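The chain that follows stands alone, in the form predicted on its own, written as structure tokens.
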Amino acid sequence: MLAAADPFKTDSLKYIETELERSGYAVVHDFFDATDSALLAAECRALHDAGELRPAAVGRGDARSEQAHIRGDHTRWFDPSALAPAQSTYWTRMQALRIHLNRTLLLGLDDLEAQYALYPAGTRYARHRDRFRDDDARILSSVLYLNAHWCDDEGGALRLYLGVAERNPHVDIYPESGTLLLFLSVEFDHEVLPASRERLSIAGWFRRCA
């Protein structure tokens, strides 16, 4: 399920739509180039150093709470009305992808929400599914990785569970800079495995409005 492609070349977009339709997920290496990924990583770290990334919580509403044993990342939501330059590049490309997938797969994706996520070394996110039981707005999950020169033996993979009918029960996607993962939010349990070094990404969800 892996492909190497430059962003928004015909082959890259065709690969994504084919894999989403066939398997429900797609992994594209080098979807963002090294320069853009490095700018996003630098901004994420700068926000973290300034105390602008906060420990993530689990649950919703009154049940929302910080539970570091379940989820150890620090996050900050993007504000579409006040995007920094590096964020604007990400936002523009992901909106173009949204429009393309609506045209080719008729997914009805209305908007995007996204956040920086920084996992300190040794932290994880336990197995979960992105769509809430009482809210079906999230249609397509995305993760853009921002970690240059990542080695698989450093850990930190996102483990995507494929279901009991599959030959392999799961696939591990390692967080190398520029790699984009997309998967149908309702279909896949997944978890983030601990790493021996800090792990940066942008988590996003294409949503359908009620």
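Note that the structure is predicted; figures quoted are calculated from it, not measured. Residue indices: 1-based, along the sequence shown.
Heads up, the form predicted in complex with a small molecule isn't pictured, but that's what we're talking about next.
Interface residue among A41, V143, L53, V27, judged by heavy atoms within 4.5 Å of the small molecule in the predicted complex: V143. The partner is not drawn, yet in the predicted complex one stretch among 93 to 101, 80 to 88, 119 to 127, 106 to 114 has residues with heavy atoms inside 4.5 Å of the small molecule: 119 to 127. The closest non-hydrogen atom of L158 lies within 4.5 Å of the small molecule in the predicted complex. R71 belongs to the set of residues with a heavy atom inside 4.5 Å of the small molecule in the predicted complex. Although the partner is absent from the chain shown here, none of S12, L20 and F32 has a heavy atom within 4.5 Å of the small molecule in the predicted complex.
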